[in-house]
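The form predicted alone is given below as one chain in structure tokens.
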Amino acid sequence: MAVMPDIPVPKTPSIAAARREFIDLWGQMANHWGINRTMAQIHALLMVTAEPLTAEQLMEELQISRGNVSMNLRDLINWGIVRRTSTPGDRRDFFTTEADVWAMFQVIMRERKKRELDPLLTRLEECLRLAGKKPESSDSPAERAAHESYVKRVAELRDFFNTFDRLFLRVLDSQPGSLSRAVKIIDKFL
């Protein structure tokens, strides 16, 4: 059995502390992104480590169980931001993350759009469909006003999120590494 090398940790205390702080920050931000803390910490560790890591190295560094590492690596791979690699002469699986920040951001945005924005737009359309076209002439003025107000507000929400959908599509269609082009698209849009 091959001896597992330690994770290359910078020797200077300030870099090691900064690295730990980044991993903690990424984990804390996880709730805002709709993922769990451990998934974010694994991703953060892979981002700030120059070489691909094994599951065992992730377990050791983050002090988490094999099952937790395995489940979260599978999710990160499914998202498309972590990939499995190999090293010649070593039978273990190694894991690495996308090095290009823009490409990684695009993958995450696609996944968030698919999980959050697309279902929201579908549901808003359904809300408008259920409301019907126009109130009956026999309805009271208050009922007609309530219907018109409802349809107007939900349609405005739908239009607002459709605008974000179009923006996401334009940004997501940009080539990886083209952050400056994306900023220009956003500037034109605004």
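Quick note: we count residues from 1 along the sequence shown, nothing fancier. These numbers come from a predicted model, not from an experiment. If you superpose the two forms and keep the largest set of C-alpha atoms that fall within 1.5 Å, you have the rigid core.
Absent from the display: the form predicted in complex with the DNA. The rest refers to it.
- In the model of the complex, the DNA lies farther than 4.5 Å from every heavy atom of R115.
- The DNA is not drawn, but in the model of the complex it has a heavy atom within 4.5 Å of G67.
- Though the partner is left out of this view, R110 does not reach within 4.5 Å of the DNA in the model of the complex, counting heavy atoms only.
- Of the heavy atoms in D93, some are within 4.5 Å of the DNA in the model of the complex.
- Comparing 34-42, 123-131, 156-164, 142-150 against the DNA in the model of the complex, the single stretch with non-hydrogen atoms within 4.5 angstroms of it is 34-42.
- In the core-superposed comparison between this form and the one not shown, F164 has its Cα shifted by less than 2 Å.
- Residue displacement note: H32 has its CA displaced by at least 2 Å between this form and the one not shown (rigid core superposed).
- In this overlay on the rigid core, T87 has a C-alpha that sits 2 Å or more away from its partner position between this form and the one not shown.
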